[in-house]
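Below, in structure tokens: the form predicted alone, a single chain.
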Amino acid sequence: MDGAEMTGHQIAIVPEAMVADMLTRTAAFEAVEAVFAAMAAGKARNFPVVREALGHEEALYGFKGGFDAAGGILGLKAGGYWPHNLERRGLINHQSTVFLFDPDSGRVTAMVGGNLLTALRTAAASSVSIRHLARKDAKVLGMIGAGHQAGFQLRAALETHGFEKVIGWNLHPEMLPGLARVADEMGVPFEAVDLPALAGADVIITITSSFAPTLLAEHVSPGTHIACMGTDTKGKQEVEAALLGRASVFADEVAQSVSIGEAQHAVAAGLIAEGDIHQIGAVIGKAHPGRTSDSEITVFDGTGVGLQDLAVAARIVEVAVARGAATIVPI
């Protein structure tokens, strides 16, 4: 949002509790799709990520920022992970806030609650990859993971294709009824399965915090698209490295994919090189053809970038200001 559109020097505040009413899944999809395209076109860039252990409450705290010249968006997301929040305070463990600035003057223009925003932008990223890389006739959606973000992932993915069935696996199967309820809400049947049955899926989303591969190459059939959304730290791994060696690999940001994403393991094993990984934005912008055959396996390595947060936050602020719902504070 351009600060010049506001009277005088003011900041628009959109609190966490208001975010759900200010952002549709369609708006999140469009914002993330546009910023991925801008990144691939060299019109938007992410800044180096800062992530530090506080030595207090076992918390990790950091910053993700960037500048999108195409969208006129500058800002950062500050926050992290407090592992004892839920048990000690009744709060979710991930806590964050997004700050937007006027790229012309550097003045702060908005502050937006970042917790729900993070889940929605992550789901939007995987659904962008599914829209652009999955086979058009994809009918069965597979889910690995049933935690906090899984429901958001499922809702967004089901809107990209005419999926007729959802199959799911989770390390703790007692959590799968939550996914079943989401599928039922979306009007699609759900079935809990063993890992080998995922070979029947046309699209698979992995959304776990695993440090050991769960999805193996033998679990994936030709023509499948896999959206890997849980690996965002050095050492994490959701899928077998050999799977990336068999696939065409795409990422939100290639350098980050190699350093902290699924690709870190395949590159270390010599199965792929950094040059083998393509930006999803290049597919969106038609500079890369994306999927080239119905038998091709495609992988999206979604590590999460700051520009996703900023693009979605800008949409939220735009709607909140237009509705008169944002708190406008002169500063």
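Only a predicted model underlies this, so the values are computations on that prediction, with no experimental measurement involved. Quick note: we count residues from 1 along the sequence shown, nothing fancier.
Below, we turn to the form predicted together with nicotinamide-adenine-dinucleotide (NAD), even though it does not appear here.
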query = Is the gap between H148 and nicotinamide-adenine-dinucleotide (NAD) in the predicted bound form 4.5 Å or less for some heavy atom pair?
reply = yes
message = Please tell me whether any heavy atom belonging to L171 falls inside 4.5 Å of a heavy atom of nicotinamide-adenine-dinucleotide (NAD), as the geometry stands in the predicted bound form.
response = yes
request  = Tell me, yes or no, whether K236 is in contact with nicotinamide-adenine-dinucleotide (NAD) in the predicted bound form, where a contact means a heavy atom of each within 4.5 Å.
outcome  = yes
ask   = Does nicotinamide-adenine-dinucleotide (NAD) come within 4.5 Å of any heavy atom of S221 in the predicted bound form?
value = no
query = Among 204-212, 105-113, 184-192, 128-136, which stretch sits within 4.5 Å of nicotinamide-adenine-dinucleotide (NAD) in the predicted bound form, heavy atoms only?
reply = 204-212
task = Only one of V166, L198, I73, M229 comes within 4.5 Å of nicotinamide-adenine-dinucleotide (NAD) in the predicted bound form by heavy atoms, so just point that one out.
result = M229
message = Can you list, in sequence order, the residues from 304-323 that come within 4.5 Å of nicotinamide-adenine-dinucleotide (NAD) in the predicted bound form, counting heavy atoms only?
response = G304
